[in-house]
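Only one chain is shown below, in structure tokens, and it's the form predicted alone.
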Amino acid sequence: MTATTIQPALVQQPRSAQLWLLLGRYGALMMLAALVLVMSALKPDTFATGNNVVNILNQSALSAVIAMGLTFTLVTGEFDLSIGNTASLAGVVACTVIVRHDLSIPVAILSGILVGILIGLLNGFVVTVLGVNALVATLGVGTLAVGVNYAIAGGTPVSLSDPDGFLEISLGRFLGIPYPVYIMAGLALLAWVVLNRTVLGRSMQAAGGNATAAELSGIRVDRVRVVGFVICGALAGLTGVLLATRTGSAAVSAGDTYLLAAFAAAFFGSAVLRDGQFHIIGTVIGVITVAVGFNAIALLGMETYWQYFFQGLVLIIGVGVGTVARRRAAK
């Protein structure tokens, strides 16, 4: 028997293994497709409409922005539990800059983003220089952000007296599509390019995959991780500002709920197209899946608490199916 006759037998996988691999890679997409098909059949006049599609994308925009920032940190192998607190503080700072100091809207937006950058730098310093575990470090820094938030706002919402220009950022439309959808799409494209087409992005993926091997290849792993925290903080700050532009005011806990949403989307997205790897396209798909589920719950007249059940199930099913599929395929 020759090597040429043995080769196919070694390479060819059983059909069951191929099916499990397909399920692990496309199972999350199948879940989204099934959800869309079922709702289109149940509510064709309300769900399967152009206006509702735009509404779902608009509802996804803020969650996508903060989740994309979190993805950069996850890619480097770290976590950031301060993003919700960062978003809350950034919104309060942006509104305070306008209300108390009468500065322009662009300055207010930049102030909110700068808050996120500073918190990202602090997270990176505590993790890389002090050597504190990322979960503990970002939880502590997030708690500090809460204290600063209360010191600035005193626990009460900061509202703009003339919010029209501020509200236009979220309520304005171009070609019938709200501005936040364009912001989400633009940032998604930019984030994808950074992670997949730049030296920085490849260094981040190398650091997250094998930090020791990355260091031996000349990558400054700690520096790369700090950059990941900074990008995460900046996008969390932007999310807080955009959240404030929806109501013309900012509350001290307005962005806290985005923490769970961002992690659910990122981990669900890690089961999309790739085998447990965090990536921008997967994160955006994860955000949209959650938004479609929330939209379906609202259209079906279900109670709000079902949204939390759905969000938890998305995280468990999305990650669980991928993990089980990879194990079965390996067997």
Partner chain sequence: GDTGGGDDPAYSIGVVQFSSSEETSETALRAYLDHADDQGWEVTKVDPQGSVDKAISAMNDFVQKGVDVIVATVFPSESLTAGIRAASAAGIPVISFAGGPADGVVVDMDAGRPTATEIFEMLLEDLDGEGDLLFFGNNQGPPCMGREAELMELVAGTGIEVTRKEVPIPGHVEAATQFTHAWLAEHPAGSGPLAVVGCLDEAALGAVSALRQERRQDVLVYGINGTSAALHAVESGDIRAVSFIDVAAAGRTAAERTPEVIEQGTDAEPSVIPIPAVLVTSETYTSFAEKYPGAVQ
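Take the two forms, find the largest set of C-alpha atoms that superpose within 1.5 Å, and that set is the rigid core. The structure displayed is predicted, hence computed values, not measured ones. Numbering follows the first chain given and starts at 1.
As for the form predicted together with its partner chain, it is not shown, yet the points below apply to it.
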Inset, instruction - Name the stretch: of 228 to 236, 92 to 100, 146 to 154, 107 to 115, exactly one has residues whose heavy atoms fall within 4.5 Å of its partner chain in the predicted complex. - result: 146 to 154
Legend entry - its partner chain contact in the predicted complex: Leu243, any heavy atom under 4.5 Å: yes
Inset, instruction - May I ask you to check whether Leu299 falls inside a 4.5 Å heavy atom distance of its partner chain in the predicted complex? - result: yes
Inset, instruction - Determine whether any heavy atom of Ser40 comes within 4.5 Å of a heavy atom of its partner chain in the predicted complex, and answer yes or no. - result: no
Inset, instruction - Using the partner position in the predicted complex, report whether Leu167 sits within 4.5 Å of its partner chain, counting heavy atoms only. - result: yes
Inset, instruction - Can you tell me which bits of 32 to 52 touch its partner chain in the predicted complex, meaning any heavy atom within 4.5 Å? - result: Lys43, Thr46, Thr49, Asn51, Asn52
Legend entry - CA of Asp45, rigid core aligned, shift of 2 Å or more between the shown form and the other one: no
